[in-house]
Every structure is written in structure tokens, then in C-alpha cells.
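Below, in C-alpha cells: the form predicted on its own, a single chain.
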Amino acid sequence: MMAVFPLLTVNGDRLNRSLYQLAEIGKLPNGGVSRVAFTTEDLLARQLVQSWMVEAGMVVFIDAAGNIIGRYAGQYEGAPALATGSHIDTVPVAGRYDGCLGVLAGIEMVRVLNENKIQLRHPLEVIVFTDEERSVIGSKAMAGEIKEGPDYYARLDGTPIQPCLEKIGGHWSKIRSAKRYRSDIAAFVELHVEQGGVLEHLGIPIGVVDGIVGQYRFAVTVVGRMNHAGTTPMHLRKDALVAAAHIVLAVNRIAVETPGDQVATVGYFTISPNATNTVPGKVDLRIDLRDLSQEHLEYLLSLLKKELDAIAAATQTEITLRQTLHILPTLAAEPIKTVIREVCERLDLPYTHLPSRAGHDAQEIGRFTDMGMIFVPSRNGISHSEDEYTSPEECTQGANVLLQTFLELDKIYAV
């Protein structure tokens, strides 16, 4: 039986106050937050979080990818660390919880340990990953997954990545030195708002994440023959839009009718020449496939290719498929999932298992060490919006599960 510290809890008021304080940096008139990576607001937020880490008893350093790493000493400093964290950068219009809860709950956990003069066997690390929202460059570098050149990471406005990293203490030329190993980090657990509506729908406060789905994205081009809409008989048409419409329906049918828990979306669509009196000659669309199993994703892709071949033949069009994103799934480690479940049971918090269908820094960290995630509800399933909301009680519950999880992981992982 695991020994949970029943009296050791986070300071919920302090945790939620820190969430509000951080949200003041980049605050928008509508109540949202804008703190895009490498902006002035991002730099100010990073400075504030580092000051909180130091006050909590951590030693802070920044790696070549710009990741902020706060380290709380353990009894065995040569032991691999137990790590948590997330990101504090945002999309252009965001809320105050996405990413930030995971960082600030980690700091709160260390505050509690430090105040109670508790040192775990393992060192603890709280990590603020660089630019999660756009490039995931921080966690990718830590996982040794930087395979692209600097141009790949240039900002949308054309700003090179090199000066961006230098502004926050990183160095592109040394970015591979940010790579960590299992011998450095024994386990990583990220607390995050769900960003979906499953937990709220079920009325359950805690989600035990089974893993983070893989993402396959494709650019599809349909080429028909542009012609006059009035003078071209129906049986002589090569209508690219008709073919594209069949593709949209096929993607939805594959997701709905294939056994499994996959999702599939066509969310981008352009038509040429997009004129009322012209048979469309070309359509570009984008497909997003997500599932927790790489094998199942490959199966879904095989079904999609068969559908495209059939549609091309039926509509006398040419259809090309080009993969634009290939992110493999990352499964949560069973020992971590077991501990999270047992902690929930001891704290009398109902829980359920679910996948994460959004990407997280934990997905990259899980490529080289044990990974787990804890979800708390998002009201109405809303995220990346000023309407994003998780109640103070739910934030506190998630942080308490995180704290108790680390107390137990400290016992089961070797030093």
C-alpha cells in the first residue's frame, strides 16, 4: 500500500493568486491574455516565474533552448530528477490556465516541500518550456528531436530564431546541448487543463491521461478542369469541388464508422477560381488525423488512400496527397498512471482515463523517459480563448494530486 502524506497539501489561495498575477502580464481588454513567445510580455513573465522559483528554494538555470529549469535539491543529488512543468507562452488570444497551471502548480509543490523542510530522495525540477504554442522548440530540444535547420523555426513575421533564443538566454548554435537523457530525468508529470469537455460532461474532477495522440496532417490537391458553368454538360465535367466534397465526407465517414477512438478533420479549404459561373478547376484542402495508436493511424491512412483513388476515378480528377506533419503518439508510463489513480482514490477524487488529443511538451519528454499527465476540467471545453476557465477548486485539486503523485514517485523510482 502506498503511503500518502494526508496532511501535506498545496496552498490553493496562493496557487490561484499566482495564476491571476501571471495573467496580468499580457492582459487584454477583454480579459484574455496575449503572451506570444519571445515578445516583451513573454520575457516579463519568464522573469516573474524565475523569481518565484528562487523564492521557493530552487536554483534556476536556462539551457541553450531557452528552457527555464528550476531545481530543488534532493537527498541524493546524483540521482535522476523527477520533473514537472509546462509553458507560459500563449497563442495571440488566450486564457490564463493553458500551460501556466502546470508551471505554477509545480512551483507551488516545491514551495510546500520547502516550507515543511522536506527533501525528497530525488531532486525535483520545474521546467518552463520554450515556445510550446508554435514550435515546441524547448521540449523538442530537450528530447533531442531538433532535426530541422534554423529557418524551420523562424517566426511567422520572418524573424530568425537565433536572436529570439538569445533574448531569453538560449543559443541556437548550442541547442543540441539541451538534450536530456533518462539518466537525467527519471519521470516527468505534467498537470494541464483538459482543453476539452469530457471531464465536465462526466462531472469528474481528474483525468488520468493514457497518452498523447499522434497527429498526421496532409495537404490534398484536387485538379479538375475549369470550364463554363452554363455550357458544360454535367456528364462532361471534371469538377474539382465535387471531388473535394466527396473527400470531406469520406474523411468524416472514416472517423465515425471505423472502430476506435480516432478523430479526423478537414479544417482548411480553398477553391479556384471560386467564381459562381465557373466549374471549379482546383481545390486545396487539409486533413488532420489523430489517434493514440501509430498502427491505427497507418490503418486510417490506408483507408483514406483507397477513398481518394475511388473518388479520383469517379470524378475524373487528379488527387494528390502530401503529408505535412508526422507526430508520433506518446503513451503514458503505466507506473505513473497507477500512482495517479491511487492518489485520487486516497484523496477521494473521482477520476477517469482519457487520451490527450492536443499536443503538449510531455509528448516530447515522453520520448526519452517515463511520462504522465493529469487533467483538470475546462469549462465548456474551451481553451485558447479569453473564455478559458478552470475553477480555483479544480486547480487546487489538480495541484494536490500532482504533489501526492511526486511524493509516491520518489519512492518507486531508483536513486
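Predicted, not measured: the structure shown is a model, and the values here were computed from it. Throughout, we count residues from 1 along the sequence that is shown.
What comes next is about the form predicted in complex with another copy of the chain, which does not appear here.
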Would you point out which of 242-250, 113-121, 167-175, 333-341 contains residues with a non-hydrogen atom within 4.5 Å of another copy of the chain in the predicted complex?
242-250
Another copy of the chain contact at Ala313 in the predicted complex, heavy atom, 4.5 Å
no
Considering only heavy atoms, tell me if Gly149 and another copy of the chain come within 4.5 Å of each other in the predicted complex.
no
Any of the heavy atoms of Glu145 lying within 4.5 Å of another copy of the chain in the predicted complex?
no
Does any heavy atom of Asn274 come within 4.5 Å of a heavy atom of another copy of the chain in the predicted complex?
yes
Would you mind picking the one in Gln162, Thr232, Gln294, Thr221 that has a heavy atom within 4.5 Å of another copy of the chain in the predicted complex?
Thr232
Identify, from the list Arg134, His326, His228, Lys305, the residue with a heavy atom within 4.5 Å of another copy of the chain in the predicted complex.
His228
Which residues from 189-203 come close to another copy of the chain in the predicted complex, meaning a heavy atom within 4.5 Å?
Glu194, Gln195, Gly196, Gly197, Val198, His201
